[in-house]
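Heads up, the chain shows up twice below as structure tokens, two forms, tagged structure 1 and structure 2.
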Structure 1
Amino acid sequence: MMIKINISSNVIGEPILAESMIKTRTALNISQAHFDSTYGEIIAEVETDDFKAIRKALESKGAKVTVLDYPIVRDEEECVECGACISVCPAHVFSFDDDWGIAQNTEKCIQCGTCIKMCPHRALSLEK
């Protein structure tokens, strides 16, 4: 299962991720991490059986944990097939097809939202 972990400024610099993983003996497969002095966001995969324990441990230290269980959705009418999503997607969800249209493999999507932020026509969203 894919999860997003948000860490606020009051705990940036603290080893809350490492401490939570050690405490719960839970492995996280981190696909993305973004930090600055005020905020942190991690996209990771965790075994379903381990989710409740790691979420409880992280939230007890001030983090917010969200399950990412919806793939990215492309609005065909709004998309101009510029390729911005192709260049930024860390999971290679998007590609050009033989006719230079945008092809999409949602099974690869890690719901990080990078493509949503980069789409100049706001043609991408997370399905709700």
Structure 2
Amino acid sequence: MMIKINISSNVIGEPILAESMIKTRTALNISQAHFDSTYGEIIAEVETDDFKAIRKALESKGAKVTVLDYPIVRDEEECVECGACISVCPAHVFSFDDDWGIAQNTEKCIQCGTCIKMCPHRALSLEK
């Protein structure tokens, strides 16, 4: 499953991520990370069985953990299957199927919203 970890400025200098991984012996497969002096945001994949433990460890050190369980939604009425979304998605959610229609693997979605701005037909959204 995909999770988002937010680290606020008061604990940004501490090795929260490494400590939590070592403590729980859990591997986080990080797909995106952003850090600066004010905040940190990490998008990572974690085995479902390990999720509870890593969340507990991260939260005990001051991080906020959100499950990314509302992936991108494609409105098939609005979508004209052009494929504009394909090249901007950092997680490779979209691809062409054999008939040049849009295939999607929303399990990979990291809810970044980049494709929403790209779609000329406003067919993509993150609303539940």
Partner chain sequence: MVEKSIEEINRRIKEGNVNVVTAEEMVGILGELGAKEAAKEVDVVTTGTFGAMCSSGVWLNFGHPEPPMKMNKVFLNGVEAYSGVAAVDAFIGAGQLSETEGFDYGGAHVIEDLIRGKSIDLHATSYGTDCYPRKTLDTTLNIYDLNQAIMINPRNGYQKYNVATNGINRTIYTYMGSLLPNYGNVTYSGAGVLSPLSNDPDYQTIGVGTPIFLGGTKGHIIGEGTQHSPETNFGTLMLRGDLKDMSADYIRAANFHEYGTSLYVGMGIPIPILNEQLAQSTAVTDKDVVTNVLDYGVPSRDRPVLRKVNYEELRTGSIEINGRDTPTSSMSSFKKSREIAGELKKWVAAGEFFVNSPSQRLPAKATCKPMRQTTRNPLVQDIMAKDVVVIDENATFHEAAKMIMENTFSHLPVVSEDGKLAGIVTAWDISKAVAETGCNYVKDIMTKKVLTSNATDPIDIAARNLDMKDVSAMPVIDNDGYVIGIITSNDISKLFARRR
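What you see is a predicted model, and the numbers here were worked out from it, not measured in a lab. Only the largest set of C-alpha atoms that superpose within 1.5 Å between the two forms is called the rigid core. For residue numbers, the reference is structure 1: its sequence is counted from 1.
- Taken from the structure described as the form predicted in complex with the partner chain is structure 2, whereas structure 1 is drawn from elsewhere.
- Superposed on the core, the two forms barely differ at residue 60: its CA moves less than 2 Å between the two structures.
- Once both forms are overlaid on the rigid core, the distance between the two CA positions of residue 23 between the two structures is under 2 angstroms.
- Between-form comparison between the two structures gives a rotation of 32° for the smaller rigid part, taken against the larger part from C-alpha superpositions.
- Overlaying the rigid core between the two structures leaves the Cα of residue 115 displaced by 4.3 angstrom.
- On a core-based overlay, residue 92 has a Cα shift of 3.3 Å between the two structures.
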